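Single chain ahead, written as C-alpha cells, the form predicted on its own.
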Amino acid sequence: MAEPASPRRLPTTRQGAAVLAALRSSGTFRSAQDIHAELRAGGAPVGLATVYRHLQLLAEHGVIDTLQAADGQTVYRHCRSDDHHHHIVCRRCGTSEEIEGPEVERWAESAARRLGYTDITHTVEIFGLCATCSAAGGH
C-alpha cells in the first residue's frame, strides 16, 4: 500500500523533480536564474517560468526555504527542518545554517499581543561572514 503524500513530499513532474534535486545538491540559497542555468547546462529542457512555478509550489508546501537576499533578490534552498526556524547566511560564499530563535519567537508574540495583533507570522534572516570567510580576511 502506498504512503499518502505529505506536504513535504509532493508528487511532482520531471521538471519539478529536477528543480528539487538541484536545490538538494547545494547547501546554499540560490536564485531561480542560477537553478535554471544549472538545469539547462545539464541538458534539462526546462524554461525559467517553469522553474519559478515549481519553486513557488515547493515553497508553499514547506519543502524549500525562501529569503530575500541582501541585494533584494529572492533565493531558495532545500529546507532541512520541519520546524519553524531562521537562517544565518554568509554574505560572501552563500553558506547558510538553520537556527532556532526562541527569544525572537517570544519577542514577536509579545509585540504583536501588545499591539492587538493576532495570527502573526514573521521572518528573521541574519547575514554575516562565516568562519571560513572571516579567517580569509573578509570584511
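Start at 1 and count along the sequence shown; that's the residue number. Being a predicted model, the structure only gives us computed values, none of them experimental.
Unshown form predicted in complex with the DNA; subsequent notes refer to it.
Asker: Given that the DNA is left out here, which of 108, 90, 46, 79 has a heavy atom within 4.5 Å of it in the predicted bound form?
Answerer: Checking each option against the DNA in the predicted bound form, the one that comes within 4.5 Å is 46.
Asker: Quick one: does residue 33 come within 4.5 Å of the DNA in the predicted bound form, counting heavy atoms only?
Answerer: Close contact exists here: in the predicted bound form, residue 33 approaches the DNA to within 4.5 Å, heavy atoms only.
Asker: If you check in the predicted bound form, is residue 40 within 4.5 Å of the DNA, heavy atoms only?
Answerer: Looking in the predicted bound form, residue contacts with the DNA include residue 40, since a heavy atom lies within 4.5 Å.
Asker: Do residue 50 and the DNA share at least one heavy atom pair within 4.5 Å in the predicted bound form?
Answerer: Flag for residue 50 set to yes.
Asker: Can you tell me whether residue 123 touches the DNA? I mean in the predicted bound form, with a 4.5 angstroms heavy atom cut-off.
Answerer: Outside the cut-off, so no.
Asker: Contact check in the predicted bound form: 16, 56 and 73 versus the DNA, with a cutoff of 4.5 Å between any heavy atoms. Do all three pass?
Answerer: Yes, all three are in contact.
Asker: Determine which one of 58-66, 110-118, 95-103, 25-33 lies within 4.5 Å of the DNA in the predicted bound form, judging by heavy atom distances; exactly one does.
Answerer: This holds for exactly one stretch, 25-33.
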